[in-house]
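Below you'll find only one chain, the form predicted alone, shown as structure tokens.
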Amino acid sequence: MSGQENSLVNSTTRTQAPTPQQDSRLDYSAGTAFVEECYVPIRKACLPLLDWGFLRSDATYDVVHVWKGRFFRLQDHLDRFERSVTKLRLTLPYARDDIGRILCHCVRLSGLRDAYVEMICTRGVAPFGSRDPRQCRNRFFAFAIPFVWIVDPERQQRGINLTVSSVVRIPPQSVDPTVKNYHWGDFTRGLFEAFGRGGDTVVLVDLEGNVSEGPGFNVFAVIKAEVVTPGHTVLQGITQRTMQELCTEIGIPCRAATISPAELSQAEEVFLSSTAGGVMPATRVNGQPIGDGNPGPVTLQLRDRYWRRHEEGWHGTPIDYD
């Protein structure tokens, strides 16, 4: 965007993205961060201690992945990031196209062909003694690191044990779940509970006791040959949307619906979706097998198609490494 009415920031407050500078003495191969208008190796990246993004989790972010040298659904992630920024009454210091260039250069400088790329907007630092968020100067950060798997490919072959937690997800009346945020205290409590019960990861419940979402992923269940996924109290995942599109491609009904823990435990198949890993089978819920205890045919079909469409360049934005 550049001056259009849907721009996030006024041209008088927008900063032009800096010209990329590379210090040949530094090693960027483990990842690159964009901090204070500079590109630095990920290990040298740091956040100002008084930034409200750190002190108060007053920030939003989005994560897009790179696979074999292409961003997947970059524009969709930028769209969601912009919506989150607007909902939190933040202001981005860079235009959308400049943010895209910053993300590209973080990947290019690292030389990563498969990467986990995050963009962040924080409230920033307030004048000394102020508690007024309007007085903060909002900040933008970004980084690219090697691709992150919530469930690594080896464990995907057998599927994971998903624990349904007793911990309630922060309700939408308190924190808007459609804004990607760092309010993970409930997820952390749920993860410790899951580990204590022998689980691999966790899904929280909502105030009504129905299945909500997990730390960084959406949940799907195959029930009576239909794919269902919680549609309320959850982040509207980009990979979740991709699953819905792929279900349409292969002719499987898919819809957002309420899922109780009992329905999840009795489902024909259960799987997770995330930017960090795509389609990931859950073959046990609370330690009990789902179906025959192996990844199911719908899950495998969606997973295979998801990665095959990546190979074809579907929704891909190539990165010029030169």
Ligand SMILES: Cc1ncc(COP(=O)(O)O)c(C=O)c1O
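In case it trips you up, residue 1 is the first one in the sequence shown, and so on. Quick caveat, the model's predicted, so the values are computed rather than measured.
The form predicted together with the named molecule exists for this protein as well; it is not shown, and the discussion that follows is about that form.
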Non-hydrogen atom contact P230 with the named molecule in the predicted complex at 4.5 angstroms
no
Contact of F217 with the named molecule in the predicted complex (heavy atom, 4.5 Å):
yes
Tell me, yes or no, whether W52 is in contact with the named molecule in the predicted complex, where a contact means a heavy atom of each within 4.5 Å.
no
Hey, in the predicted complex, is R123 touching the named molecule, heavy atoms inside 4.5 Å?
no
Students should find that, of R139, H77, H105, R96, the residue having a non-hydrogen atom no more than 4.5 angstroms from the named molecule in the predicted complex is H77
Work out which of T201, N210, T91, T239 lies within 4.5 Å of the named molecule in the predicted complex, going by heavy atoms.
T239
Let me test this: is every residue among W184, F187 and S273 within 4.5 Å of the named molecule in the predicted complex, going by heavy atom positions?
yes
Which of 253 to 261, 24 to 32, 273 to 281, 44 to 52 has heavy atoms within 4.5 Å of the named molecule in the predicted complex?
273 to 281
